[in-house]
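The chain below stands alone, shown as structure tokens; this is the form predicted on its own.
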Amino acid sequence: MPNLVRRSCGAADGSADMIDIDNLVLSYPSSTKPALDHVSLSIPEGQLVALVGASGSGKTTLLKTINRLNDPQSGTISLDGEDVSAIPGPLLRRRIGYAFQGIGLFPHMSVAENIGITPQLLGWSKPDIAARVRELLALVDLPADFAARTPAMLSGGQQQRVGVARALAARPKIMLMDEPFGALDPLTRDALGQSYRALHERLGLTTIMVTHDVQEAVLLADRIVVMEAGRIVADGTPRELMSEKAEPRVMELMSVPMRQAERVQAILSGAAHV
């Protein structure tokens, strides 16, 4: 059986990986077990990687450690060859897009003000911020007149599009996404997932996305990393991890979309014979 746990797929041109995580260890004072247990992972520029696994497996902890919302006890993280420990947390986070479930839009601010927060902190001029807001609203398929609305005036899907626009405002190379579509209805979730995948490719982003939905991971990601108890237990393409060569526990997780599809097909077949 080939080993499907690997540290890097390698940059296609032999250059440094966009994200390089080496032997990361992080423990919370309230727990006797590490939240991250010697995690190593490298991601080339342009990949969309999905982190999957049960609740408490370390997915969100890993995401927050990349942008220094958590600081590990040991190990290193480099972004585009630069050690993140040498970069002040607030400055680092302004360089990385971050979208998450619940969105976190400021309710007292307009859509334009929400999107323009990071460019404003970076010292952009008002005309440049206004131009960027118009550009991003078009990019996430929202009308230009939404700029003056408040979040309460938008649907959940529209709010999430604004959240993605805000994360992209300062033109980051890296996007971190923590269950960004998890609270949405299935139709909206699917549409936004496909829209984000198109944006990822169009803008040449490198994305790490946490999701509990294995089907979403299979359909959107170039590569899936399975976590369990703070460790990476499998790392490969959707096809690799859904193959019969994967470990049984990984196969069990990755076969969920196939079992769902089989049940739907059985229902449809039964209806056809009624």
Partner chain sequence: MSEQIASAWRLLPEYLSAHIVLSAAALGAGLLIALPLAVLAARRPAFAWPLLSFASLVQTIPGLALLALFYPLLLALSALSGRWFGVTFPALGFLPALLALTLYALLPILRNGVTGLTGVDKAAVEAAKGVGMTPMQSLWRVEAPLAAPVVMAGVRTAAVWTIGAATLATPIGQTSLGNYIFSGLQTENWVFVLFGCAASAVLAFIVDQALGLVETGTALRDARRIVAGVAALLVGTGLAVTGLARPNAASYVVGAKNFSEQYILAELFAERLQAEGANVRQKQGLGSAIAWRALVSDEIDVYVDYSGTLWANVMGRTDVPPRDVMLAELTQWMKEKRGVTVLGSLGFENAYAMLMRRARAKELNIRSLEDLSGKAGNLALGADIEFLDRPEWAALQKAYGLAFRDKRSFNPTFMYRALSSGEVDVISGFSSDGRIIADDLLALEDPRHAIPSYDAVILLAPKRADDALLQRALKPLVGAISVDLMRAANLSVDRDNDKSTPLAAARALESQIRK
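Positions refer to the first chain, counted from 1. The structure presented is a predicted model; accordingly, all values stated were derived computationally and were not measured.
The same protein has a further form, the form predicted in complex with its partner chain, not shown here; the description that follows concerns it.
With the partner removed from view, the residue among Pro107, Pro127, Pro143, Gly204 that has a non-hydrogen atom within 4.5 Å of its partner chain in the predicted bound form turns out to be Pro107.
The stretch in contact with its partner chain in the predicted bound form, judged by heavy atoms within 4.5 Å, is 116-124, chosen from 71-79, 184-192, 116-124, 129-137. With a 4.5 Å cutoff on heavy atoms, Lys173 does not count as touching its partner chain in the predicted bound form; it lies far away. Of the heavy atoms in Arg149, none are within 4.5 Å of its partner chain in the predicted bound form. In the predicted bound form, at least one heavy atom of Arg94 sits within 4.5 Å of its partner chain. When contacts are judged by a 4.5 Å heavy atom cut-off, Arg166 counts as touching its partner chain in the predicted bound form.
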